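Quick heads-up: it's one chain on its own, the form predicted on its own, in structure tokens.
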């Protein structure tokens, strides 16, 4: 059931022993939301902790510095930046997928799996949704909370470069810097620092590049063999997916990443007039207009069908 901000605030104020769920393959927005909400709830005298079904990449360690994650039996479960309970990952979905009391999200493709859902699709990041809500609540936004929210907004907007970086995103970012977010350090960690393994993986991925639709579609393929050979980790594919649409003339970048459990995850990045969310929805996925994803067991069959769909959209 979709609810308002006022109802969301009411639920959070009355909640006790809150477990905060973040999505698998964690990014800056889901983790920034989780940490910020955890700190706000703890500041209200409540017990709260953040969990994720995957290993959290080390570059996000700074978000969790000095934060206590107490053990307790959850009485209230919140999911942040999670459009579908299957995105929690197998372990968290099995334990909590049908027990989510509240979802706070910004994906227009949210499947309404929680008992109550507050979603603002026009927001460039779920962290922006939380920032606006915290302002309405009148809570103190500490430097640690500001850092978490800034991380979420900056990463989901590509350091304020993507089309989802609204003027409100910029204003919120400036406010969060004034409140103590170390934007320079965050931007270096998120956008300018890559380990050697990443560049070795990138070399292999670039050699896999295929071009379709007269240069309008660029396709990368990332296999488990590449990960094993280079020592790179799957989370390092995020930057590669963003790179896929940077080729001159490309309207869609497709990155096919092999999963450890089998099959592939498709990550799409698009420019006008292509809608990444609509394209992925045709294959059971979803996301945003400019960035979306779906899963595939037979990756070459799905790729062929996807290329055909894109070609139809463009012609």
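Bear in mind that the values here come from a model prediction, so they are computed numbers and not experimental data. Numbering follows the first chain given and starts at 1.
Form predicted together with a further copy of the same chain: not shown, discussed below.
- Think of it this way: in the model of the complex, a further copy of the same chain has a heavy atom of just one of 228, 140, 192, 73 within 4.5 Å, and the residue is 192.
- The contact with a further copy of the same chain in the model of the complex, taken as any heavy atom within 4.5 Å, belongs to 165 out of 144, 219, 165, 133.
- Under a 4.5 angstroms non-hydrogen atom cutoff, a further copy of the same chain in the model of the complex lacks residue 283 among its neighbouring residues.
- Taking non-hydrogen atoms only, residue 116 never approaches a further copy of the same chain to within 4.5 angstroms in the model of the complex.
- By the criterion of a heavy atom within 4.5 Å, residue 61 is excluded from the residues contacting a further copy of the same chain in the model of the complex.
- Contact between residue 202 and a further copy of the same chain in the model of the complex is found at the 4.5 Å heavy atom cutoff.
- Stretch 174 to 182 is the contacting one of 120 to 128, 174 to 182, 100 to 108, 77 to 85, since its residues have non-hydrogen atoms within 4.5 Å of a further copy of the same chain in the model of the complex.
- Counting a residue when any of its non-hydrogen atoms is within 4.5 Å of a further copy of the same chain in the model of the complex, the hits in 200 to 216 run 200, 202, 203, 206, 207, 209, 211, 215.
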